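Below you will find one chain, with nothing else, as structure tokens; this is the form predicted alone, and questions on how it binds or moves follow later.
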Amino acid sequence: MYIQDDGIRLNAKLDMPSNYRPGMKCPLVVVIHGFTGHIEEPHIIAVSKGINDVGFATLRADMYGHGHSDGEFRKHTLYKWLTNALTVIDYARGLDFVTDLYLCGHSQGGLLVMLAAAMKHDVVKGLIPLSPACMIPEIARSGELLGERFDPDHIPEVLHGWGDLELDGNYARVAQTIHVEEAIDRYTGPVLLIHGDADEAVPVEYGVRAAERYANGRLVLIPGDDHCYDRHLDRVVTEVQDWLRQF
């Protein structure tokens, strides 16, 4: 299905709990992919199915310029993603079977749900950042993205790096204005932050610092695992399930 965000179609999939019966009410977890990702990635599907298996619905959504949603990848920014996420959250809250709302996101999607939870702190019951890319605003302010160095005060019109990837310079301009610490401080609900300690894309210390700063945060490190949990995805799913069972 598609969720409309001010003329932008966001591709989304709603999956009900494994034990769902007509008329049943249940909590729902919004699940967001990462940079260059989409809702059909193995780790996104595995986490979503695991959540369904413990009685929660999931709403997976492709953000602007990713997957089957509208927009060009090179023109996406965290602001565009944030307005997408707020729209998806409002859509989920309007579903008549939803009792409580949770957010889960991977990598850039992990950073995104941290920002969205700060804005929607009064309606988000719990937060699950997976390998959140908390360093994006920091490195943008220092003048580095996609492995490319640039003058942070004179950002180029196009950023190149990581093979043939290109980003509009506005991606960096937007990222520079975001302060992750302020978002963390605004959300005081329960947080489960999972990070592989061999993450090659987002240094694990960013996840550790974020979890420590949250008022009600729990950190789970996955030994020897990488950014997308290619070695121990089953452990990630189990940790998410065990955490959700407390609610």
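Being a predicted model, the structure only gives us computed values, none of them experimental. All residue numbers are counted from 1 along the displayed sequence.
The next section is about a form of this same protein that is not shown, the form predicted together with a small molecule.
Novice: Test of understanding: in the predicted complex, would His227 fall inside 4.5 Å of the small molecule by heavy atoms?
Specialist: Taking the distances in the predicted complex, the answer for His227 is yes, it comes within 4.5 Å of the small molecule.
Novice: Any chance Gly207 has a heavy atom within 4.5 Å of the small molecule in the predicted complex?
Specialist: Flag for Gly207 set to no.
Novice: Do Leu82 and the small molecule share at least one heavy atom pair within 4.5 Å in the predicted complex?
Specialist: No, Leu82 stays farther than 4.5 Å from the small molecule in the predicted complex.
Novice: Applying a 4.5 Å heavy atom distance criterion, does Tyr171 contact the small molecule in the predicted complex?
Specialist: Although the small molecule is absent here, Tyr171 would touch it in the predicted complex, with heavy atoms inside 4.5 Å.
Novice: Tell me, please, which stretch of 121 to 129, 160 to 168, 83 to 91, 96 to 104 lies within 4.5 angstroms of the small molecule in the predicted complex when heavy atoms are compared?
Specialist: Selected stretch: 160 to 168.
Novice: Is it the case that Pro17, Asn52 and Val240 all touch the small molecule in the predicted complex, with a non-hydrogen atom of each within 4.5 angstroms?
Specialist: Contact check failed for every one of Pro17, Asn52 and Val240.
Novice: State the residue from Tyr187, Phe56, Tyr64, Phe35 whose non-hydrogen atoms include one within 4.5 Å of the small molecule in the predicted complex.
Specialist: By the 4.5 Å criterion, the partner-contacting residue is Phe35.
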